[in-house]
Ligand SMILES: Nc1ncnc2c1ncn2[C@@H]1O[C@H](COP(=O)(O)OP(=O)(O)OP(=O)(O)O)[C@@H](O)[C@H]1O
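Below, in structure tokens: the form predicted alone, a single chain.
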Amino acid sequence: MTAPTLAVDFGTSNSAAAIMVDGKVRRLQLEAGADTLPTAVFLPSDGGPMLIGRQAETALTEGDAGRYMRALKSVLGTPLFHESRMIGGRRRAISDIVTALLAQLKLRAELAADARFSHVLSGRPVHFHSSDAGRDAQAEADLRSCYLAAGFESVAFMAEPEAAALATSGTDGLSELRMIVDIGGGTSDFSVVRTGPHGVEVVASHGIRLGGTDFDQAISMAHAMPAFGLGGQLRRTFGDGLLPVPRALFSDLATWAMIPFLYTRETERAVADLVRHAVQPLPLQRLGAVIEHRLGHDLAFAVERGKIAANAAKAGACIDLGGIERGLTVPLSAGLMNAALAPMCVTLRTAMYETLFHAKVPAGSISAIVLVGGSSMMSLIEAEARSVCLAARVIWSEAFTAVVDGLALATTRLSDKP
């Protein structure tokens, strides 16, 4: 019997795989007891085998020597994706790491399904890069090459919100217009779909390069990074007057994909120079400790946990930086968080209106908003969607698996083609 096509949702933060069995979606556990796999790798310094998923996260938290990397998808289509660097004890490019990750994903899926997969249907954002068509096309080409190098013989792609529409729309038989709002780790995608007894019709799709990791960066820059010197002042080497501490290093430290590339002697020397010229040295000394002891991901995880706590409106929500300096915390209420994210909310709202424009339908004609993706669980996402489609009800999907479920359903279309 021919093996089914493997459906893969290769996400910025999490990935998943599924197949169709007897007309039903079967999610394949790529890790024991979980339908999703963190899209993370750990490359041991001693040249040992690459760890992925939760094993990679465990290696990081236990302080193993090596390089932890996350948000690899965000580098697709950029020169950095093919740039060879010393990573994990030897020279390699991020493209090599993504290929190795997909090869492990393929092997685990085959073991879980007891089948060999030659064909894959992969999700992709509507736009990997929303403002650069050439880079957007290159990103898909990069990902296709990685799938092929990982052992697949053929690769097809489907826009992620359209896959989510298959999984979340039409099952109730209602004939109506819906807007799929898919907020992932690195991109935000939107589709207007028409549902009915005969299935789902995609009217229009739109997407932007903005997601949960960007939310993390904005929160980190506004609230965490000042504890490490952002916003401080420097004395001039010659002459009078003060200079602001440069932002570029903090921006990279707040960006998941860039953190591993800061651990260099050049960065250490740059921070030491900042400390020497600082009006207030202590915050920049903390920054130096983060670089020296490779604590960038500890900082990023602390911001992410603080974001989740603030979104849940937990009393005393904060960014707990005790792993970097004992007792160091930064308050983070829902109000403070939303203020940091206000410019992004405007961008998301504009993108929703642009999707309606492409679909040539008024906002009032949308009967339901379907929220998809891990970052869609933030209350501000629901609020923005409701502000656009005032008459629509909100449908909560399986946030982390709706895309892979829809991709699996779509594989039956591929098998039906002559």
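Residue numbers here begin at 1 and follow the sequence given. Not measured: the values here are computed from a predicted model.
Below, we turn to the form predicted in complex with the named molecule, even though it does not appear here.
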Name the single residue among N311, T168, T195, S122 that comes within 4.5 Å of the named molecule in the predicted complex, judging by heavy atoms.
N311
With the named molecule left out of view, which of G229, G212, G207, G306 would have a heavy atom within 4.5 Å of it in the predicted complex?
G212
Taking 4.5 angstroms as the cut-off for heavy atoms, does N14 touch the named molecule in the predicted complex?
yes
My question is simply whether T187 lines the interface with the named molecule in the predicted complex - judged by any non-hydrogen atom within 4.5 Å.
yes
Quick one: is M378 in contact with the named molecule in the predicted complex, heavy atoms, 4.5 Å cut-off?
yes
Answer yes if any heavy atom of P44 is within 4.5 Å of a heavy atom of the named molecule in the predicted complex; otherwise answer no.
no
Which among 130-138, 178-186, 105-113, 218-226 is in contact with the named molecule in the predicted complex, heavy atoms within 4.5 angstroms?
178-186
So which residues in 373-411, when you check the named molecule in the predicted complex, have a heavy atom no farther than 4.5 Å from it?
G373, G374, S375, M377, M378, A399, F400
